[in-house]
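In the block that follows, a single chain appears as structure tokens, in the form predicted alone.
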């Protein structure tokens, strides 16, 4: 496939080395080279490269810049928290620290352009590569339009390459701007993921064995995860478990069916940790060892050592209180100025504390959020992050959704953890849950 990177302006050996590092991305690399042209030619002022996460955008750019030895400045819009830092990094990459020090304390775009134009013109195209470019939408209104036509402003052979996970239509300012050339990086197909992941084979085992392991991994995860970095992480995390029967001498490399039967249940359990990162790789391995030793722990929700985000812990506490406390007691527990409530009115006659024996009861989403905002420390705005963490708790089987998807009213949930589990979670956030449980008054 190295022929796809043929270009009259670049050395063939360099192009061949670059192609070897770009499996399944030779077509996109070839298109990018066509847009860039020969080194001494003026390139198009700005190029916008977009595609989903882990689709090879940054990798292709970095390999081409490094192997072809092109003058470039690679910036992360996450790290460049100010315009001054962005201008400084560009000048330092192209002209050195002495030129970057000429910028005033709070430089404007005019200062940057003035200092740039005072330097010697480029002998070949200079490239400014900006990763996570979607953050530029939150910068000064004139920054993005200026970067798109920077070549015209500085009167030099410079091209700005923007890398983003979202489409260009969400960038375009209302006032209009110079339109960059668009280049799309599609997601990797299953065959391409198989080819790329198979290159990471363990030196102690044959390429055929690791290729089979990758096919098993993709057979389990491909329907829920297409992210190359996530799949590579999962492949490295679970390969030792796959090789256990081989290390113990129970099977041979050719016994693929036995190897598949041994690893498939383990991979299905690992599906609960995809993207969420509530547990680290080390925690996941420790939990699997604990399960093998005791044989009593089943499923991720049974582990008391799961590390949850801060607000997820309070959401789980609120869910437990909503499941085991009658709804009529919420005012008594969570309303500060509820007035005096006599115990005779609060407790029904001959009522027995059997909520924990009867099991968790379903509760609506609005009640969960009301309790959550009452028990959490500090003011928390209702954001999409809170709702996504509720979905994560359902995925982790710590919450169970009991209402149907086609139900028009608010969804209902039940808490699926034990009293011991929620007490352990409460201790980590210094919350005394026993004071809020109706059964233990």
Partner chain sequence: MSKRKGKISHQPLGECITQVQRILRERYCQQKLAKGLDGVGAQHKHLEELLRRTAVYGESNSVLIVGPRGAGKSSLLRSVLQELLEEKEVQENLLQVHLNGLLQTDDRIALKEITRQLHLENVVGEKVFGSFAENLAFLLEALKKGDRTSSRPVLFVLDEFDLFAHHKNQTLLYNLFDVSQSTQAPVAVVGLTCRLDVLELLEKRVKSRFSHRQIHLLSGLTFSQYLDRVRAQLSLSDDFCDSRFAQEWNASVKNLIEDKSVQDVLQRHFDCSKDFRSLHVLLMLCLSRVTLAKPTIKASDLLDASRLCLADCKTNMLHGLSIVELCLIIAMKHLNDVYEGEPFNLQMVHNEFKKFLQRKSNSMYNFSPPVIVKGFEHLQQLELVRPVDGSPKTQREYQMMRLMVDRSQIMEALQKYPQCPTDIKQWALSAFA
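Here the rigid core means the biggest group of C-alpha atoms that line up within 1.5 Å when the two forms are laid on top of each other. Fair warning: this is a prediction, and the values are worked out from it, not measured in the lab. Positions refer to the first chain, counted from 1.
What comes next is about the form predicted together with its partner chain, which does not appear here.
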- Query: Taking 94, 314 and 326 as the candidate spot, are all three within 4.5 angstroms of its partner chain in the model of the complex by heavy atoms?
  - Reply: no
- Consider residue 399 of the chain shown here, and say whether it contacts its partner chain in the model of the complex, taking contact as heavy atoms within 4.5 Å. no
- Hey, in the model of the complex, does residue 145 get a heavy atom within 4.5 angstroms of its partner chain? yes
- State yes or no: in the model of the complex, is some non-hydrogen atom of residue 44 no more than 4.5 angstroms from a non-hydrogen atom of its partner chain? yes
- Message: Although the partner isn't part of this model, could you tell me whether residue 414 comes within 4.5 Å of its partner chain in the model of the complex, counting any heavy atom of the residue?
- Response: yes
- Message: Under a 4.5 angstroms heavy atom criterion, identify the one residue in 199, 101, 110, 206 near its partner chain in the model of the complex.
- Response: 110
- Task: Answer with one of 216, 181, 75, 369: the residue that has a non-hydrogen atom within 4.5 Å of its partner chain in the model of the complex.
- Result: 181
- Task: Report the stretch among 206 to 214, 248 to 256, 326 to 334, 355 to 363 that approaches its partner chain in the model of the complex to within 4.5 Å, counting heavy atoms only.
- Result: 355 to 363
- Task: Scan 159 to 194 and write down, in order along the chain, each residue with a heavy atom lying within 4.5 Å of its partner chain in the model of the complex.
- Result: 165, 166, 167, 169, 170, 175, 176, 177, 178, 181, 182, 183, 184, 187
- Yes/no, residue 418 Cα shift of 2 Å or more between this form and the one not shown with rigid core fixed: yes
- Message: Is the shift of residue 361 between this form and the one not shown large enough to count as movement, that is, does its C-alpha move by 2 Å or more after the core is superposed?
- Response: yes
- Message: When the rigid core is used for the superposition, does residue 397 move between this form and the one not shown (threshold: C-alpha shift of 2 Å or more)?
- Response: yes
- Pair residue 420/residue 265, Cα separation in the model of the complex versus the displayed form, closer or farther by 3 angstroms or more: closer
